[in-house]
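Heads up, the chain below is alone and in the form predicted on its own; it's given as structure tokens.
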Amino acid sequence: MMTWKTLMSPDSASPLMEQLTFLHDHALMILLMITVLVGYLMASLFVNKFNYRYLLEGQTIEMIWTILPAVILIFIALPSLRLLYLLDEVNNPLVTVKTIGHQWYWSYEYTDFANIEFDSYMIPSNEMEDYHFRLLDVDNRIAVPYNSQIRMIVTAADVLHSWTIPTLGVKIDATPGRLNQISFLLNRTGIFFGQCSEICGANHSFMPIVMESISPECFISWIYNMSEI
């Protein structure tokens, strides 16, 4: 979960988020090298007294500063394209969850099981317990098993929404009349928080997302208990 002191990305809970973090660090290191080089060259202009009044052209240096940026862009583009295809890949899902965005709450349907659907509202401040997070906790959390492929089918009932959990590296638009699909895998247990990331009206800030990653055995028990309700 992001806190006030979080300066970098949150700790990843999925392989996709790990790859996104690696790509960020890779691009940032290249940017740092470029910044240091250009800064050194600009600073040296103020302190040296080199001049050559007969210099008209420099074919060699022009080739270097044309080819070198192209090579740097290739080093950024190749891992970026690889990750782009990894993000869109959908493996055989173990669990499918349908998510429907409303103004201003989320509805979830476990389509692999009969009669498991519920709404998820933010807990108001006057109903919170000491262990709740203000503006982040909900009355009904979604639960998924870890180390399992999860397919999320997202749509909306009224306006545009965006289902987002930063720790998973997941962000997908909820569009009325359209089903969007995303796949992810959680590699550890925990409680992960997110929020709607598309301005959807007056209470846009008050429709959080809470996901519990639990063991497959606990997930089966949870499904059994939900089906009894």
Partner chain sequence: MAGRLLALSARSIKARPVPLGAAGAHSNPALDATRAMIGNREIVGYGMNGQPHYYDRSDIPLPAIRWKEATADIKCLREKEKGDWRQLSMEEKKALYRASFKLTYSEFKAPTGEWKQIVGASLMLVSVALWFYMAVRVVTRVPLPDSFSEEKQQAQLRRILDLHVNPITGLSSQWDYEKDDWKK
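Numbering follows the first chain given and starts at 1. Nothing here was measured: the structure is a model prediction, and the numbers come from that model.
What comes next is about the form predicted in complex with its partner chain, which does not appear here.
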{"query": "Non-hydrogen atom contact residue 6 with its partner chain in the model of the complex at 4.5 angstroms", "finding": "yes"}
{"query": "Non-hydrogen atom contact residue 208 with its partner chain in the model of the complex at 4.5 angstroms", "finding": "no"}
{"query": "In the model of the complex, residue 53 touching its partner chain (heavy atom, 4.5 Å)", "finding": "yes"}
{"query": "Interface membership of residue 27, its partner chain in the model of the complex, 4.5 Å heavy atom rule", "finding": "no"}
{"query": "Partner-proximal stretch of 58-66, 28-36, 188-196, 41-49 relative to its partner chain in the model of the complex, 4.5 angstroms, heavy atom", "finding": "188-196"}
{"query": "Any residue of 129-153 that, in the model of the complex, places a heavy atom within 4.5 Å of its partner chain", "finding": "130, 131, 132, 133, 134, 137, 141"}
